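Listed next as structure tokens is one chain, alone, in the form predicted on its own.
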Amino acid sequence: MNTTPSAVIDRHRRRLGDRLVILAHHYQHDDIVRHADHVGDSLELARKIADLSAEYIVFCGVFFMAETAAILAAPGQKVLIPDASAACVMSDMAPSWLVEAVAGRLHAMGRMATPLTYVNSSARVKAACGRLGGSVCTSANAEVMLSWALGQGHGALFLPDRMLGANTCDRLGIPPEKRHILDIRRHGALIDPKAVLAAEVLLWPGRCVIHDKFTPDRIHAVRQAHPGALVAVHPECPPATVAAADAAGSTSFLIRFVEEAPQGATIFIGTEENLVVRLARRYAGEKTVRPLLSSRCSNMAKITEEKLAAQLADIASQPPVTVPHDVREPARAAVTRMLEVCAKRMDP
């Protein structure tokens, strides 16, 4: 009997049949992606959950993604992740206790901003937003959702990624003087009341340590070495990097950008390298696709074939990802609000 991890996964997939669905984020290694039933970005995968009838949903990504799946899953469905230690540094920059403390200080100042959290956040942060009438966004729908939040009439608190927040403000034409990056030190005791009251969008000071590495200097160097090359980056990159690129958008956007680029084009992509390597292989001989910079997420890399195989082999006894009821319901309200708003305002 073949006992390689790939063979073990295939064997248990056949055994479980339609009781099992495997979801994988675009940033997963090919060794994982080849076993997935659905591959996508955060928005695409969230949209899939409601249509799944499988008993077991195995999420190959980082923990907040599995939590989101658990929030949206139906009663009786079990959401699993091959390694629960696959965290997100950005998400950890906005712990729920601190978000709630800062929100309390803003309230005391008379600032009733509608909270909007990037999906890269914990279930408890999503729940805090849900309780306060806010919602969730992804990099694919940030403009739609920030417009919605501002439409509630109180301004917006965008967390945890100040880069995505700033880039989204740029796309919506919200000037820098109408934004303010919160000083969250000492539980928010250093927040400037005057600046908070004057700003239309309050930005939490988080960032993605992967996308923060992509700089305008790197883009300029690429353009000098490869005249005519196209450059597209993820909107978690610094605003100056986004401004220097030809285009910016979610992982799904970056995939389309490469697909729609002309034959023979040289394209540099600024995002997690697993996706770039996959695109380079897909278009080999037609287009040249290269990483703007080698940058891989060590947490995404924690999901391996070996761990996936071990989980499937003993799936009935594996602990599912759970979200307490008092967290799940307001978090679900926040995520559902996002899906409903996007269903109305975004193309399918």
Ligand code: 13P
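Each residue number is its position in the shown sequence, starting from 1. Because the structure is predicted, anything quoted here is derived from the model rather than measured.
The same protein also exists as the form predicted together with ligand 13P; that form is not shown, yet it is the one meant from here on.
- Within 4.5 Å of some heavy atom of ligand 13P in the model of the complex lies at least one heavy atom of residue 27.
- Mapping the unseen interface onto this chain, residue 118 counts among the residues with a heavy atom inside 4.5 Å of ligand 13P in the model of the complex.
- Residue contact check for residue 250: one or more of its heavy atoms lie within 4.5 Å of ligand 13P in the model of the complex.
- Put simply, residue 65 is close to ligand 13P in the model of the complex: some heavy atom of it is within 4.5 Å.
- For ligand 13P in the model of the complex, the listed stretch (152-160, 182-190, 95-103, 228-236) containing residues with heavy atoms inside 4.5 Å is 228-236.
- Contacts of stretch 27-61 with ligand 13P in the model of the complex, defined by any heavy atom lying within 4.5 Å, are made by 27, 41, 42, listed in sequence order.
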